[in-house]
Ligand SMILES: C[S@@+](CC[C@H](N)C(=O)[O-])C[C@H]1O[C@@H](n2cnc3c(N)ncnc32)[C@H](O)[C@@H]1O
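Just one chain is shown here, as structure tokens, and it is the form predicted alone.
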Amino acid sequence: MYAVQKQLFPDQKTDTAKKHRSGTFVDNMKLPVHRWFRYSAGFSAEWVNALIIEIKEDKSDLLVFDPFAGSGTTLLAADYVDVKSIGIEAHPFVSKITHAKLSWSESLQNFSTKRDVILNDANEMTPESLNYPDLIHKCFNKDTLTKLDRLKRAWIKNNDESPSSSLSWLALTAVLRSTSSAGTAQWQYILPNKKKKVTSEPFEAFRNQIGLMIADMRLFQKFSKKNLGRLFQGDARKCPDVPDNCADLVITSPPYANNYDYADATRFEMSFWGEIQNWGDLHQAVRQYLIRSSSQHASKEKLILEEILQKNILKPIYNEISEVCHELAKERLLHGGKKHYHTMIAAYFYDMAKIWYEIKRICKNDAKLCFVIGDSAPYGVYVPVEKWLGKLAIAAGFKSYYFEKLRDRNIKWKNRKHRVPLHEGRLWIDT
């Protein structure tokens, strides 16, 4: 088993560059199963795997918890070494993606059969009216969208809620960008006005994607018989599905307080599947359930700064956060967008303070915790994220914290909105 693990996860300790970028998703796109869908918000599966193996040596009945499961990095890494895990993911669409990935133990024959049935039915279907949001029409030519629509209708016809159906849904979702003429920004935002050459035909892309997935599944099934991870779609600020005193190890990466709109990251895919009709639908469908880490979220909720700052749970950092938020309140008036960074930062740490108390309930007394985090500087006003999160963790009942820097960020000044150096690293919490 260990030889296969080494094949999947080379020892990153021998590669300094890999260690420095282990807080990012980059290397995951070369790894089986993880590469099934490119979700930019993530961290290194290789590092997670190595940490789980290290802890497992001292605890045979290990349970890993990830309150921000995202696209399943931690849960899949635990599966690779036969360790139980529990994850929480608030984003409804991303939760579906992770659920599909966790179906990697499905029968290869069942999946192959489902693929063939969907393709055969799609081939026989006649074109229908393409009733899609404007964004989708801007991102595909008519012929391509017609074929994708046939695949979608064939999937709907054959959806029996089985693991094979879930996997097939992910396969079709995964090929949308490769068959689209629209460009994609680094952080997954779709750019319909930035055209790219289309090299994939939908039916062929769907078949090839499933071929890749089956190859990955065959590899995993050589050394692990079944998925041991449990995923709950819910809110990490309160997760009643997770029992008290169950977690030995917490590995996660919360949303960064850097104004990235996690709801918008899957707007393209959600539009195709009919889950939203336009950008305005994102708040009701997704954003309202997430940690408040974007100014869009803060402005939509019309937050009042003083009401948040006066929350008892923020007392450990009140003086510091109050000073920063009031500075942001003044600074925003000097900028055209007048973004609500002042209330965003206050709401972000209020949300994260709640999460520390929930994690404290879930952790065993000797649990190990690691948060992959990055600091922030909206409008150039520095926010010491690791310091404030550490203080809030201690207030929730944890003993101490330590920050391990992995890499510098925002150091290439060209086209940057501010020149405040930032960093990314691991926040280790001692129980």
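Each residue number is its position in the shown sequence, starting from 1. Fair warning: this is a prediction, and the values are worked out from it, not measured in the lab.
Below, we turn to the form predicted together with the named molecule, even though it does not appear here.
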query	finding
Residue contact check: Ala347 to the named molecule in the predicted complex, 4.5 Å heavy atom	no
Partner proximity in the predicted complex: Ala90 to the named molecule, non-hydrogen atom cutoff 4.5 Å	yes
Contact flag, Lys300 vs the named molecule in the predicted complex, heavy atom cut 4.5 Å	no
Gly390: touches the named molecule in the predicted complex, heavy atom cutoff 4.5 angstroms	no
Residue among Cys363, Ile52, Ala41, Val383 with a heavy atom within 4.5 Å of the named molecule in the predicted complex	Ala41
Of Glu358, Asp281, Glu327, Asp235, the one that lies within 4.5 Å of the named molecule in the predicted complex (heavy atoms)	Asp235
Stretch in contact in the predicted complex with the named molecule, which is absent here, among 103-111, 155-163, 247-255, 310-318 (heavy atoms within 4.5 Å)	247-255
Contact at Pro67, Tyr262 and Ile291 by the named molecule in the predicted complex, all three, heavy atom at most 4.5 Å	yes
